Structures are given as structure tokens and as C-alpha cells.
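Single chain ahead, by itself, as C-alpha cells, in the form predicted alone.
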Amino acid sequence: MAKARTGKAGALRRDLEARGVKYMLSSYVDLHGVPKGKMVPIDHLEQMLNGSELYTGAALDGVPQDVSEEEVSSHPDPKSWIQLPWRPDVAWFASDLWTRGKPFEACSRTILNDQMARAAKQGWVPQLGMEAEFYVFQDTADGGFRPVSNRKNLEKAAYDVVRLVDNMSWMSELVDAMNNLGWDVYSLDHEDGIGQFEIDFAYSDMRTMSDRFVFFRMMAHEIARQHGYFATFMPKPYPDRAGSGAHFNMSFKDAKSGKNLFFDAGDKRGCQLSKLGYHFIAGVLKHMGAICAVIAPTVNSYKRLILKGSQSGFTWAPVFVCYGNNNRTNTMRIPLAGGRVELRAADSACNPYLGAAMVLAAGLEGIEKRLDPGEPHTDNMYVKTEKELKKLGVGYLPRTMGEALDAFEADPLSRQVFGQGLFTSWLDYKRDEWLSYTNHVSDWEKARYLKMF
């Protein structure tokens, strides 16, 4: 029996055992950002850290491997471990995939690592905060679902205190778990949809935040399930209610001083954003179509990115390729205090590693080429006419998954970030998903056309 007792592995083992950990999950994500992995008893910690756990890549969605190829192995990040709040004898490790003695280029976390390394060469640490929006429902006897709270259906449910309190049985347990992990939850509320919630917690570097968001979705599922409910990160479960975003809030930190490099109190454009931040915005806007395919990755995502369609009137979701100040009608927003940029098109179904990698690569290009995004839009963009939008040079985000995939395929940045293998397999998988949807005969079609002619 192999036992790590000395060195870094030994110190880690002693820490884990002191906390009651007996098993470890060497975890990575598939194309969708869903955790995969194997369970390893703590006696085999050192082997696990060295990549002992092997996987047939061809068994996973979108992994560009043939069954005859060498397996991929998970190499856990020793600093990333999280003790499962609902199962404290298990520790979860975020892992990178390797094959043939080196990092696997199609690993989502490795792809983000590569872009962060580009920033690190300039002395920058990309920071990311993700606003976690999701619904919690309970199953019904007829095979449907309903909100946990049975309060009277308000037309405008945003910030509803009564429904929030009704859900505190599971919510308080989730928030306690997050705070015990050191994530510093600073706000939670009931959103515009019935049974929709947002939890905001402290930002961190892009890799750590991506690890945490993957774990957060799993943790929310498990805690809700223990109360007889289920959490869903489907972007738009109700056609007439707001969808669930996962807004990316981004900045760069100086690696030595810790200074926020996106903040400038003397910004002449009035947004308290530095030139570096504006260059970053310009790069992201340039590649927004391709980025959208990754940060809004499902058929359902594009039913969220519409102008109207909620009980509150406007959906508050982004529609246009533009940026502005604190104005929420822009896809990219500079919040009131400045010093960061918010990308509002990202939704809760995204693979955060791939989404962050695409956005970071685009932003770095904007910085390298000193691109300028023009003046910020401060008006309500939702009420602009087509003529006004054209005069401003403002276009639309992709309106369907098909349009987004076309933009992803056409943009050289996609292949550059994903690598040829994942670019091809990811696009093929998503094309099949879109084709399956377009071939499906929906209830709407039958209701409209069955007896029309």
C-alpha cells in the first residue's frame, strides 16, 4: 500500500486526514463543463497527484480522441482541493488532463492555462467574478416542475423578499457551505423569474473562479436535492421569465504590486477605466460572435438573449455588440465604480474554462493591437431604431445557436484558442446539437400548422 508521508504530498495528506477526508476525486470537465473523474482512497494520494488515473477520452462528449489512442490522465492541482460540504470524507481536486507525457491540448483547463500564461508574461493576473444565477424547482406528480415557494404569482417577482425567505432552508445551507470554503458570499436575492436566484461571491483569478463555478453548480445540485428540490442552470426554463446569466466581471491585477490595472480615476470617458481596460473591451467586441458560441453554448441560450419577453418587459439580457458605462443595455458594461468590465452575454450553462479562455484571448489581442472601442454608449440601447443603430455602427449578437456557430467557425481566434483537435470536435458536436433541434417537431409547430391549411 502506497502512503505519502513526507514532502508536499505528505503535508497535504496530513491536512486532509485531519479534516476527516478518506477519498479524493481527481476531477476535470468534459466539453460542457460537467465534472468527470475517479475516486481515489487517500492511501494513494501521491500516485493520484502524479497522474495515476487514466481515462478513455473517446468516451466523453467532444474529446478529440480515438479509442485506439493513449488514454488521458488527470493531474490534480494540489492547491485546488475542496472538501465536499455534503460529503466531508471526500475532497475534490480540479485537474488538468495529460497524454503522452505532456498536457493534453484539448483539456478545457489547459486551454485557459495557456491564455493566462500569455498574460503572466506581461506581469498581469486576469481576475474574474461570475454572478451565479439559477433556478431551484421541485418535481410534480404529472412529470412537470414548480417553484419551491407556493406564494401568489407576482407579475414582477424581482427582489421578492417573501419568496427569498421561503427558500432559505436550502439557500442558507448553500451560502454557509460557500462561506466555509472561504468564498465570501456578499449578496443573494430572488431574481425576476419565479424560483430564480442569484448568489454573488468574491472574485479571484480566472482559473480559480472557473474551478469554483464548476464546483458551485455541482454543490447547488446536491444541496437542493437533499431538500427534495433540484437546481437548474438551464439558461431559459420559462419563455416569459428572465433567463439565468453568469456575467463575467473582469480586470487585470499587477502580479507584483496587486494594483488593479483596469482602474483610472482620471478616465476622460468618465467610466474610471484605464486604457488597458478599453483595449481589452475592444478586443472582446471584435470577436463577440465567436465568443458568444462558447459563453452561451446551448440552443436554449439564445432564447435568453432577446430584447423583450419577460414579465418585467425588457429581459435585461444583452442583444447588441456594444459597450457602455453603468448602462445594462450594453453587452459589455463598466459598473459604476469602474476598474472592471462586465460581459453580460455569458450564461450559467457555459464551460467557464473555455469561455474565460476565449474572452481573455480576445482581450489580450485588443491590448496587443491597441484597439479602441470608441465612446461608451450611455443611452437605453433597447429603444434605438434600426436606423439609429446603423448610424452608431452597432450590430446584433448572434440570434440563434446556428448563427453563433457560424461566427465561431469563421473566426481564426477560435482555432487559435481551442487548438485544431478541440476546435473540430467541439464544432462538430455543437453542429449536431443544432441540427437535432432544428429537426425536432415542436408543440408550437403542431399548434400553429396542423390544422392551418
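Start at 1 and count along the sequence shown; that's the residue number. Keep in mind that what you see is a predicted model, and the values were worked out from it rather than measured.
Not pictured, yet referred to below: the form predicted together with glutamic acid (GLU).
Visitor: So which stretch, 367-375, 279-287, 241-249, 213-221, is the one near glutamic acid (GLU) in the predicted bound form (non-hydrogen atoms, 4.5 Å)?
Guide: Result of the contact check: 241-249.
Visitor: Is there a non-hydrogen atom of residue 316 within 4.5 angstroms of a non-hydrogen atom of glutamic acid (GLU) in the predicted bound form?
Guide: Heavy-atom contact with glutamic acid (GLU) at 4.5 Å: present for residue 316.
Visitor: Using a 4.5 angstroms cut-off on non-hydrogen atoms, would residue 198 count as touching glutamic acid (GLU) in the predicted bound form?
Guide: Judged by the heavy-atom cut-off of 4.5 Å, residue 198 is in contact with glutamic acid (GLU) in the predicted bound form.
Visitor: Is residue 303 close enough to glutamic acid (GLU) in the predicted bound form to count, meaning some heavy atom within 4.5 Å?
Guide: Output for residue 303 is no: heavy atoms all beyond 4.5 Å of glutamic acid (GLU).
Visitor: Evaluate residue 328 for contact with glutamic acid (GLU) in the predicted bound form, applying a 4.5 angstroms cut-off between non-hydrogen atoms, and reply yes or no.
Guide: The answer is yes: residue 328 has a heavy atom within 4.5 Å of glutamic acid (GLU).
Visitor: Which pick from 190, 75, 109, 344 sits with a heavy atom within 4.5 Å of glutamic acid (GLU) in the predicted bound form?
Guide: Looking at the other structure, the residue within range turns out to be 344.
Visitor: Using a 4.5 Å cut-off on heavy atoms, what residues in 114-149 are near glutamic acid (GLU) in the predicted bound form?
Guide: Read in sequence order, the lone residue that approaches glutamic acid (GLU) (within 4.5 Å, in the predicted bound form) is 133.
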